[in-house]
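Next up: a single chain in structure tokens, the form predicted on its own.
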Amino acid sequence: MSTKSKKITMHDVAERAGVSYQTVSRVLNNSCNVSQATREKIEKAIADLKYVPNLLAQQLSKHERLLIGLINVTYNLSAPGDVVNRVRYYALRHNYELLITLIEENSLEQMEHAIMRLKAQMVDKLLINVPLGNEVASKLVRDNPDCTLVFLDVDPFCPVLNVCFNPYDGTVASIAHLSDLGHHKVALIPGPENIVSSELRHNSWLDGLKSHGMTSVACVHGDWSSKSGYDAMMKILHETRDFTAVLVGNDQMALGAMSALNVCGLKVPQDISVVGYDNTKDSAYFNPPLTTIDLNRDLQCRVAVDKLIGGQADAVSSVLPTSLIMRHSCARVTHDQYSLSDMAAALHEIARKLEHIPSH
């Protein structure tokens, strides 16, 4: 005998309340053509039977599509999870439900499959929080004229409807801040190569350093994780210690970089200043609290949901500003730091030359 419970239907609710199926339907759809006494009987029957309405069926029966789709990268990083929570909040404020599809890599094939899965569920309004190049993003728009697509992680000047951040605002401010503190030589830990957001941040660093007469003495890419920030910092320290500050592509890698500096006996910010990127919630509670670039994710998600629901009639992209949040992971360069830096550079050069002296 099957142990599976019988699914409760609207007919069961109608029978329990002693009313017609149509009357139950009117109550579920908030019709005013039902007396208060009858409404209360039906609501009690729903509660007693623990009936769960099929919202999708109701929407289809009324020819409504109160659904938003979100294609998101996996949640192993804090920023994608934050986007999910905020998009869901603003979707519900517009009485839309959120359907989420996760992808493992930002390939065209995976993107096409993700869009097809959402379209099969009657979704024609999609937010795409996946780092994509201009060609892929443009192709997705061309191939899906029956959908409104809004992108959250493309070049802000990509010719598709997007709500993205201008990386130059906060990045230039962070470099100006380091310059004001007397830093001239910095190390870089950008995110993955060939990822649009990582490349934009990296390029804005290089432009900012050049404009302030500063030098990048080392660059090791990470994969956004704390471990990769730790490994990158260790690799840089093995190669050179001729720097007084580190620019890091996100806060999670910055946490790893700070840990590596600590392991090597270097204090933040007394010996090395560190600047992160994203202003995740935890960054204010690092030791020391992290100076970082703020991206207003709440504003981004609110504007994106508004554009998505407005449809193609509001097909104007929005470039949002970024800003520097100054905390305690940066400090003014001291004379001792310069001396130690110069000494470390000299020792490194001597060690390099010794490696090439033939043994007898």
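So that there is no doubt, residue numbering starts at 1 and follows the sequence shown. Since the model is a prediction, treat every value here as computed from it, not as a measurement.
Separately, the form predicted in complex with a small molecule exists; it is not shown, and the next lines address it.
Only one of 108-116, 145-153, 169-177, 239-247 places residue heavy atoms within 4.5 angstroms of the small molecule in the model of the complex, namely 145-153. Using a 4.5 angstroms limit between non-hydrogen atoms, L98 is distant from the small molecule in the model of the complex.
Proximity of S228 to the small molecule in the model of the complex: non-hydrogen atoms within 4.5 Å are absent; the residue sits far from the partner. Proximity of W224 to the small molecule in the model of the complex falls within the 4.5 Å heavy atom cutoff. In the model of the complex, at least one heavy atom of L295 sits within 4.5 Å of the small molecule. Though the small molecule is absent from this view, in the model of the complex it lies within 4.5 Å of a heavy atom of just one residue from L126, A218, A79, L140, which is A79.
A heavy atom within 4.5 Å of the small molecule in the model of the complex is found for exactly one of S259, S197, S204, S283: S197.
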